[in-house]
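A single chain, nothing else alongside it, follows as structure tokens in the form predicted alone.
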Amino acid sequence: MGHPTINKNLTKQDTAKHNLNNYEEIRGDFSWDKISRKIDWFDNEHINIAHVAIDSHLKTERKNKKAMIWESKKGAVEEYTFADMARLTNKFANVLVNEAGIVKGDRVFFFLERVPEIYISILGTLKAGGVIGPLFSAFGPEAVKDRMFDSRAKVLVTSPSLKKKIAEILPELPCLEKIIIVNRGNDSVDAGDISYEKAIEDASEQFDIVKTHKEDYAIMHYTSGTTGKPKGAVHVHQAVIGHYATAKYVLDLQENDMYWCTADPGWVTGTSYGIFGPWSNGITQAIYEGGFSTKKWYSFIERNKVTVWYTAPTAVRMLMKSGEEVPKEYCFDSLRYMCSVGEPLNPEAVFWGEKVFGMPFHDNWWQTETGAIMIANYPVQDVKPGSMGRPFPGIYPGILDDQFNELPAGVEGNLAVKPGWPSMFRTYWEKEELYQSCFKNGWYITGDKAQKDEDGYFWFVGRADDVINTAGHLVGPFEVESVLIEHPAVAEAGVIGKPDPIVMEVIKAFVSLKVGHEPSEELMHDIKKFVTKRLSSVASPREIEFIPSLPKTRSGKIMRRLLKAKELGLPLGDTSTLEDD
């Protein structure tokens, strides 16, 4: 393909000894069974993610090692050792069992800012045998309702301000029995709710962890599709084998690292690599409560002496936008390795990392459904800027045609993976038929288009469906369209992703109005605010275009393909199924 490469021997991180020192050798000799023996099981069949991530270290010198150094938006710092985390997660598990009445398999959802309590309560829930459902704190009421209603969540852990934000939908959740309020030092909560602070204070530090089976459900992350509401991808306790292995060999986490993952626990990266991967390896994490800010991020890296940094391509592009002079004000001597995930990292960003930090960003690819990294650039290999990298040992991807036959190098097709890795999702919650439809001819069909080069590096081409990737977040157009048409002025809506240099795609909505309403700037702003409030700022259209009517098939389905083709000036293709004028 003639792509430029960054030679590993020229980069700063080459001075470190890496966990994966010979890709071909480890790939040739790799087995998931061997890896699984490196982590602490109860017996051959039973394992609990929280035990592996926290309690297993109490038997070692890591007991009093810092697990988490947390910094608030205002600069306050809190530190927690693995022993502290074990004690607090035991307390929370007792609160769930004794005060919220949860039993193994019950769903506990988290709608909380990035505070220490979200990490403690997630791990405590897993100790108690509950299934965790983390939600992004920027979600609006509709997004929270869809996920909690579908999962039949029994307990919600939230804060006073976020509870107020979703108050209108709480009566519409018949399975919700208890709300636990994290008030950070203030015990006042609504009648009937449980005060996290008071309950934790009173709870026992001793808890007999539930010895979950390796195939017991542990994690639910909702992911968007082309049609219908978001669906719950369910992962099991043995997924931690994948988290552990990839954090060790892709993120190259080592005993003395200070690791920073910028992802929120509401997204799969924030659990797989913001909780389970690093802590199963006994690594210290630096966690910043606040959102993106160039100067705050740079000073956070400098102050905490971050060694390994895992972030999103959108964040890298935003850092690039602020220029090359700002980073010169900070010292990045501690940094030895940088990775990115969420959407393709463009070559310019890789070269920029090399110029500014003395090392490239190493991009990798995986999905909510895969649970862990599948394809990656490794510290011991040359980086081909723009490539997803090569398969993780034990992972066997291929490029298929539409009849599910494998294609040769250099030919674009459907990216697929041979099933059977530990962190692979086990179902879509109560949508088994939809789950089974993801598997064809012995392959898991990812929904992504890609190609492979002669050296075995994979290159992302695009989505095979209409799902929009905006700043690394997958947004289903149907979900946005459903909220748009609830606006009193909107008759019909069609939503597409439009290419953008910073966030990869922005959401553009085509809207036809009901009789009596006229297009205006004011109405456009009102519609955007309406979507932001009900779903989230991530799902709100950046652009709205008012049109008299939307192109539809004879059966009434909106033709997003035609909307996108017109927007981007592409050929319209076959329009024979369109409704007559």
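Residue numbers here begin at 1 and follow the sequence given. None of these values were measured; they are calculated from a predicted model.
This protein has a second form, the form predicted in complex with a small molecule, left out of what is shown; the following refers to that one.
Asker: By the heavy atom within 4.5 Å rule, which residue out of F82, Y196, W366, Y378 makes contact with the small molecule in the model of the complex?
Answerer: Partner contact (heavy atom, 4.5 Å) among the options: W366.
Asker: Could you check which residue among V210, A100, A489, L474 gets a heavy atom within 4.5 Å of the small molecule in the model of the complex?
Answerer: Among V210, A100, A489, L474, a heavy atom within 4.5 Å of the small molecule in the model of the complex occurs only for L474.
Asker: With a cut-off of 4.5 Å between heavy atoms, is M388 one of the residues that contacts the small molecule in the model of the complex?
Answerer: It does: once the small molecule is placed as it appears in the model of the complex, M388 has a heavy atom within 4.5 Å of it.
Asker: Evaluate P134 for contact with the small molecule in the model of the complex, applying a 4.5 angstroms cut-off between non-hydrogen atoms, and reply yes or no.
Answerer: P134: no contact with the small molecule in the model of the complex.
Asker: How about P347 - does it come within 4.5 Å of the small molecule in the model of the complex, if we only consider non-hydrogen atoms?
Answerer: No - in the model of the complex, heavy atoms of P347 and the small molecule never come within 4.5 Å of each other.
Asker: I'd like to know if I395 sits close to the small molecule in the model of the complex, meaning any non-hydrogen atom pair within 4.5 angstroms.
Answerer: I395 lies outside the contact set for the small molecule.
Asker: Exactly one stretch in 246-254, 267-275, 425-433, 138-146 has heavy atoms within 4.5 Å of the small molecule in the model of the complex; which is it?
Answerer: Within 4.5 Å of the partner lies stretch 267-275.
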